[in-house]
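As structure tokens, one chain now follows by itself in the form predicted on its own.
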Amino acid sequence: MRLALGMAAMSVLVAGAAPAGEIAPKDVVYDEYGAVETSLTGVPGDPANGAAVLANRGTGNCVACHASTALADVPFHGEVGPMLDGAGSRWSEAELRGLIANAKMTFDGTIMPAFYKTSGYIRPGNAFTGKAAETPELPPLLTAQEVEDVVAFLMTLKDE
């Protein structure tokens, strides 16, 4: 019995030392300007993976709307959104996190997708089938760690 209690106490201590874990899309807290102060994962972002997410047309596809000289080797940069060069100087980490998670919290009329949102859509579709979504909650476009990775990459894009 003492061994079981000791093991239970040990597991509580170990669990308490673990990172808080991932914040679910519905639990993200935005400030009045749309910034998200708290990391979505508690794990630092990987700028190299963030660049890959930005360039990948199957995940972030950020280059469809934004241009960046850091990603000059990726073809067909868009001109709809602002240039990403200097993003790390223009916006704070919290502001960038908020913009990636759900830019509509900052810019109400933006056409930028909410990359970390699962509900509250006006007309969600079922992938590329032309039919309505079958469930009211959809998976986010990016994982919490991918959001952190994109933020880490954008923070490296400073004005010189």
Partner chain sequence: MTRANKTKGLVAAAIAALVALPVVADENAKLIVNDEIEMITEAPAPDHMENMTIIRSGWTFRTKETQALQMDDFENPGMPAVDAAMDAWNTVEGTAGKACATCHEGPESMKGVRAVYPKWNEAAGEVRTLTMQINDCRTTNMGAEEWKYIAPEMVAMEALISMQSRGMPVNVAIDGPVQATWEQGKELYYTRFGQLELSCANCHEDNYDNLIRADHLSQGHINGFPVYRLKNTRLNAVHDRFRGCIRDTRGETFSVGSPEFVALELYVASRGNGLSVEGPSVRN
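Positions refer to the first chain, counted from 1. Everything quoted here is computed from the prediction, not taken from an experiment.
One more form of this protein exists, namely the form predicted in complex with its partner chain; it is left out here, but the text below deals with it.
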{"item": "Per-stretch contact check against its partner chain in the predicted bound form, the hit in 35-43, 122-130, 22-30, 90-98 (non-hydrogen atom, 4.5 angstroms)", "value": "122-130"}
{"item": "Contact flag, Met105 vs its partner chain in the predicted bound form, heavy atom cut 4.5 Å", "value": "no"}
{"item": "4.5 Å heavy atom contact, Ala70 and its partner chain in the predicted bound form", "value": "no"}
{"item": "Ala144, heavy atom within 4.5 angstroms of its partner chain in the predicted bound form", "value": "no"}
{"item": "Heavy atom of Pro47 within 4.5 Å of its partner chain in the predicted bound form", "value": "no"}
{"item": "Partner contacts for 73-104, taking its partner chain in the predicted bound form and a 4.5 Å heavy atom cut-off", "value": "Val74, Pro75, Phe76, His77, Gly78, Glu79, Val80, Gly81, Pro82, Lys104"}
